[in-house]
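Only one chain comes next, encoded as structure tokens, the form predicted alone.
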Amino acid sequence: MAEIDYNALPDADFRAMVREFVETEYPQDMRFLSRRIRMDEARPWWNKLVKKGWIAPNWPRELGGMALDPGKMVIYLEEMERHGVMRAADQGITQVGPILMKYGTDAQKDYFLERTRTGDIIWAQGYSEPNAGSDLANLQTSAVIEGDEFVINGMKIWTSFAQESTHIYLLVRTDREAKKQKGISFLLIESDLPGITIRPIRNIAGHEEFCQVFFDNVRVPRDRLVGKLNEGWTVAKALLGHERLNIGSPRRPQYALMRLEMLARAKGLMDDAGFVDRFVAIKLDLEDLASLYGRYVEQVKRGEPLGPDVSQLKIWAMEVWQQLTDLLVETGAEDGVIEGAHDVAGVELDFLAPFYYARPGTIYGGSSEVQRNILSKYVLELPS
């Protein structure tokens, strides 16, 4: 249980405290990996954070969290990103926990929160569906009430690490006659219930980060409903703004830019006017992104809600990241299209791994097309 009032510390002191802990405790060989890590790999680090009382920075103290205010929370995340700390299966901490604290029943809080904090329960997110794209509200998976149970049928896809989850939080359609943002409910279910089939999807890089999840007459008690029946969309969208802020962080493209510059200098390309033109254009884009990100961070620090304009951050970060990895592969020449690490002029790089890692960035978390529609409709107020 955390005893220090972290919010009372000066920002510089708190940042130094987090930095020292990460530099000392987070393994060097786990930094800036070009893939998501599995829970079995992340478990030692998870346990260290649990022991220190730092696994749930956004949770209140009485629930074993750090109770960080928005400003300290940003510092915590910035230091984790600075050192290339990879995300574990943390959706229970970042999403399910806050949702339960706001919308859950006392029984749901008592059962799920502590087990989630310690990692005894590992959550997967059952949002995306085939044929729905990034339009989450267009979901078709249904839950019909029969007695004291919901009966679920349908399919989810791109479910991160469902194969190692113990539970799934799920958006289901419970009223087909309502408008698509209505008639949706939010359920918590075990991953191993009868009728659930999980099939990992092997991506082009050979990783099985995503899964298809099939539901065939899966029965769930009605007390697994979070919030009100047919009002799950309100629950689900509560976290989307902050998700876009996190995805819009410039840290990942900044790291890719650093690697690209190392490679270019090693190959003498910084004297090539054509290469320098492209490199500088991307670098300036990235510096503008960092400035914009800083504005949103200050907004969060002031405790102000993020508006729909935060969508521009997500678009910008993911598209500049893809441009960077495109140029990285091109700069690698013949080595750039061969999988694995290569020694190029004394610089060891894996060109394709970051290229593959950046590809879905313009799709997950709401595609660039969906984000542009949000900007068009809610910021520019253009006609639909």
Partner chain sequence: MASEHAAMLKESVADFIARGMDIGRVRKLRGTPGEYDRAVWKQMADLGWLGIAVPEAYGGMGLGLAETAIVAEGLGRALAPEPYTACAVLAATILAEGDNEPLKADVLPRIAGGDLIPAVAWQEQAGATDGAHVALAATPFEGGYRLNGTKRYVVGAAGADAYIVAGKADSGLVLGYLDRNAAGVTQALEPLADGRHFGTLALDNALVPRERVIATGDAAAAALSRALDRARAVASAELYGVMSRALEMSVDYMKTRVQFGKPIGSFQALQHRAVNLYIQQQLASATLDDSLRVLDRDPEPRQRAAIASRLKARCSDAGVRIAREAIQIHGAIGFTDEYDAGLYLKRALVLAAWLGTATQHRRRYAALALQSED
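Positions refer to the first chain, counted from 1. The shown structure was predicted, so the numbers you read here are calculated from the model rather than taken from an experiment.
Absent from the display: the form predicted together with the partner chain. The rest refers to it.
Q: Just to be sure I understand the contacts: of E261, E149, E164, E114, which is the one whose heavy atoms reach within 4.5 angstroms of the partner chain in the model of the complex?
A: The residue from E261, E149, E164, E114 that makes the contact is E261.
Q: Going by heavy atom distances of 4.5 angstroms or less, which of K283, R87, R251, K180 would be at the interface with the partner chain in the model of the complex?
A: Of the listed residues, the single hit is K283.
Q: Test of understanding: in the model of the complex, would E231 fall inside 4.5 Å of the partner chain by heavy atoms?
A: Because no heavy atom of E231 falls inside 4.5 Å of the partner chain in the model of the complex, the answer is no.
Q: Mark M17 yes when one of its heavy atoms lies within 4.5 Å of a heavy atom of the partner chain in the model of the complex, and no otherwise.
A: No, no contact at 4.5 Å.
Q: Is the gap between D277 and the partner chain in the model of the complex 4.5 Å or less for some heavy atom pair?
A: Flag for D277 set to yes.
Q: Looking at the partner-bound form in the model of the complex, is M270 within 4.5 Å of the partner chain by any heavy atom?
A: Close contact exists here: in the model of the complex, M270 approaches the partner chain to within 4.5 Å, heavy atoms only.
Q: Among the candidate stretches 331 to 339, 313 to 321, 58 to 66, 28 to 36, which one is within 4.5 Å of the partner chain in the model of the complex when only heavy atoms are counted?
A: Contact-bearing stretch, as computed: 313 to 321.
Q: Does the partner chain, in the model of the complex, lie within 4.5 angstroms of each residue among D5, P10 and T118, using heavy atoms as the measure?
A: Spot residues vs the partner chain: no contact at all.
Q: Taking the partner chain as it sits in the model of the complex, which residues of 364 to 384 have a non-hydrogen atom within 4.5 Å of it? Please list them.
A: Heavy-atom contacts to the partner chain in the model of the complex: E369, R372, N373, L375, S376, V379, L380, E381, L382, P383, S384.
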